[in-house]
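Next come structure tokens for two forms of one protein chain, structure 1 first, structure 2 second.
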Structure 1
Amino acid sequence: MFKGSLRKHLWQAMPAFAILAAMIAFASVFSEKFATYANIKNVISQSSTLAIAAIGQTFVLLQGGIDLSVGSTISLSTVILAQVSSVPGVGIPLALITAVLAGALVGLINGLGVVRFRIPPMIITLSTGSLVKGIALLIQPKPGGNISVTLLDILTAKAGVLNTSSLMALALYALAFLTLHYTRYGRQVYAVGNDALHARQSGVAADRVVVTTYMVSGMVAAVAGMVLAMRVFSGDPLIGDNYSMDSVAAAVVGGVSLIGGSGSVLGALAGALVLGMINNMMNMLKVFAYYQYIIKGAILVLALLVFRIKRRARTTC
């Protein structure tokens, strides 16, 4: 059904889907509360923030970078929403636009740091992450703020087990899938991830591609921040911290290569669901907290190990 390299990229996502299926099967058998309407709703809403953040991370990873500022950008977005959205009249659109623009700006700084100043992606994004966290703390030193209730109603309006946020996530995945696999821009992202020098020689404006992926990541993180802000109905300058690492883990568990150039955004979705479900599954199985760490780590290793996807020998970080 899929032609060309897409088949290979999707194939790499299979282990994540298999693990996901195994987890669902296991949890449904051993916990009667797992496969209930209330819990499925929980799993979906608990995973949507990570699922969205993983989209941006996938763009960056495919291009051969890594974005560890995602977490702070998410926090910043929640804070912006908490501060701006309930301004009467213009609040909601202004908040949404400001958050997305802020995300884009963070991405722009990351991108320029990588292409203009040749700072390794991990370092520049950690640095901007620190910078953005500081800004979020300046704007709002502690959790709280006023989120517009109208916005809450819009973003949490329900359609069965899905709500606006999860529908948004699905729409973003569809968009990302089309962009990455069926547009010239997507092709260029893969090309740069394969080998930036060769891509350049082939006439790809590699620098521009790199910068845009970071901007996509920043903007998508801002959207993830909005979804999270709705979940916690507040702005919180620290709340996103874990999403930087988790979004990388989600993408890689989903078969996206850490050295760039291969993998699919659908895999990232499966990866995000796997990670998002681990906590829920263990709560449902009443596994005590001490063991949750060990099981979570083991599932991560397993997701990568069991299928032992033959990667190129050159696996750097």
Structure 2
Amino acid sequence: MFKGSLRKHLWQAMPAFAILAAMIAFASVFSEKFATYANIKNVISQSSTLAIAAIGQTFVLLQGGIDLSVGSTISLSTVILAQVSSVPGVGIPLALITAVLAGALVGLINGLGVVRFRIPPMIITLSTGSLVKGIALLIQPKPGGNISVTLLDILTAKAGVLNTSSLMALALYALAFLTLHYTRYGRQVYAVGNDALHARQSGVAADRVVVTTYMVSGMVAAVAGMVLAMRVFSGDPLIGDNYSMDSVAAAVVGGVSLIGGSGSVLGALAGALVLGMINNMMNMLKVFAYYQYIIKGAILVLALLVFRIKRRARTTC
């Protein structure tokens, strides 16, 4: 069914799906509460925000970058929705459009910083994230605001264990998968991630590809913020802080290379669900929350070591 590089990228996501299956089996055996309808719905709902954020992060990682402004963009999106969505007449469309455009602008700044001023991706996105966080705090210094009831009703409508937000996440994954694996642009993203110099020599507009991946990441982060705002029913200028590294961890667990050019967005979905399962299992087992940070950090350290070893082996062959 799948051939060539697509099969290779999908194969790299298989370990994440295997880990997810093992975790589901383990949790089902050792916790009676896990397999309940309410808990499954809770896991899916809690994982939706991270799953969406991981889509944009995957685009950036595949071209060889990283986006540490994702969390701040998510926070800004919740604040925009809380401040604008309840305005009579134009609140909902204005809030949605403003949030997405704000995310696109953050991505544009990140992309231009990387390609025009040659600022390392980690530095520019960390700096931009700090700037965006400051703007969010300036607009709304503490959690609160009023999310439009109409918007809440739309994005929290249920269809079994799924809701509108979960279905939106699945639709975005389908779109991202088709874009990355079946379009010219997707092939260019992989080409730039594998070797930007050769990609340029082959006629690929590498700088444009880099900028657009950061813009995708910013816009998708804004959508993730919308989903998160629907879950907490308010805006919060700091609520997205954890999602920058979590989105990287989700993609890496799903087999996306930290050095670019390898992996599939479907792996990021599995990675997001794995992290969601870790949080859920720890909560059920009453494990202190800070152990979650230790586990996620350990995952990233191990992934960095694995990819470093692979890169060294590839260069010495």
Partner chain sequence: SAEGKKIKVGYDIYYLGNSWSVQMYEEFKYAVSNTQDDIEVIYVDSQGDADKQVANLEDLVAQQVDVIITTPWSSSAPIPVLREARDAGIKVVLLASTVDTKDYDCLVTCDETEFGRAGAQWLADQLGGKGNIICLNGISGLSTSELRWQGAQEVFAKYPDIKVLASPDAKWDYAEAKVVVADLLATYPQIDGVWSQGGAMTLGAIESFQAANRPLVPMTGEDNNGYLKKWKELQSQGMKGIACAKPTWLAEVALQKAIALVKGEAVEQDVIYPTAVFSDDELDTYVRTDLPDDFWANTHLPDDVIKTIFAQ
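Heads up, when I say rigid core I mean the largest set of C-alphas that superpose within 1.5 Å between the two forms. Numbering runs along the sequence of structure 1, starting at 1. It should be emphasised that the depicted structure is a prediction, and the values quoted were computed from it without experimental measurement.
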{"item": "Of structures 1 and 2, the one that is the form predicted together with its partner chain", "value": "1"}
{"item": "Did residue 295 shift 2 Å or more between structures 1 and 2, C-alpha, core superposed", "value": "yes"}
